[in-house]
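Given as structure tokens, the chain that follows is alone and in the form predicted alone.
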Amino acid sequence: MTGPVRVTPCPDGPLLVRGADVVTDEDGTDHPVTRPVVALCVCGKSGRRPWCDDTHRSIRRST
């Protein structure tokens, strides 16, 4: 992909990343991006990190 990478925070949810080729997690592992937009976990509870799996929704409901 070419062009700028854009990051949009979703209220109480993930970060939407547009235009990235690779996402590097906190351990330094590169994760190839194969979609035009990906959702990155910010709650830290996703079972698919760095990708969001909507776990934040159940966390928000239980608090």
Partner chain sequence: MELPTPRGPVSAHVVHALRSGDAFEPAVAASADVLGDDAQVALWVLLQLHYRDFDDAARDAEWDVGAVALRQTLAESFVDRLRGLVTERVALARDAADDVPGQVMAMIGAADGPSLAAYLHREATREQVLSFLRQRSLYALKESDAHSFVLPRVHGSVKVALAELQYDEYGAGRPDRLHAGMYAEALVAAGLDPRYGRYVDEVAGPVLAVDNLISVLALQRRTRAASLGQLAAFEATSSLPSRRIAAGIERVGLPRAVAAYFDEHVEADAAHEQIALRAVCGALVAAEPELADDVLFGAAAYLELDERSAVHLLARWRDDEVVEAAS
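Positions refer to the first chain, counted from 1. All figures in this text were calculated on a predicted structure; none of them were measured in a lab.
Separately, the form predicted in complex with its partner chain exists; it is not shown, and the next lines address it.
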Can you tell me if Cys10 lies within 4.5 angstroms of its partner chain in the predicted complex, counting non-hydrogen atoms only?
yes
State yes or no: in the predicted complex, is some non-hydrogen atom of Thr34 no more than 4.5 angstroms from a non-hydrogen atom of its partner chain?
yes
Give a yes/no on whether Leu16 approaches its partner chain to within 4.5 Å in the predicted complex, heavy atoms considered.
yes
Taking 4.5 angstroms as the cut-off for heavy atoms, does Ala20 touch its partner chain in the predicted complex?
no
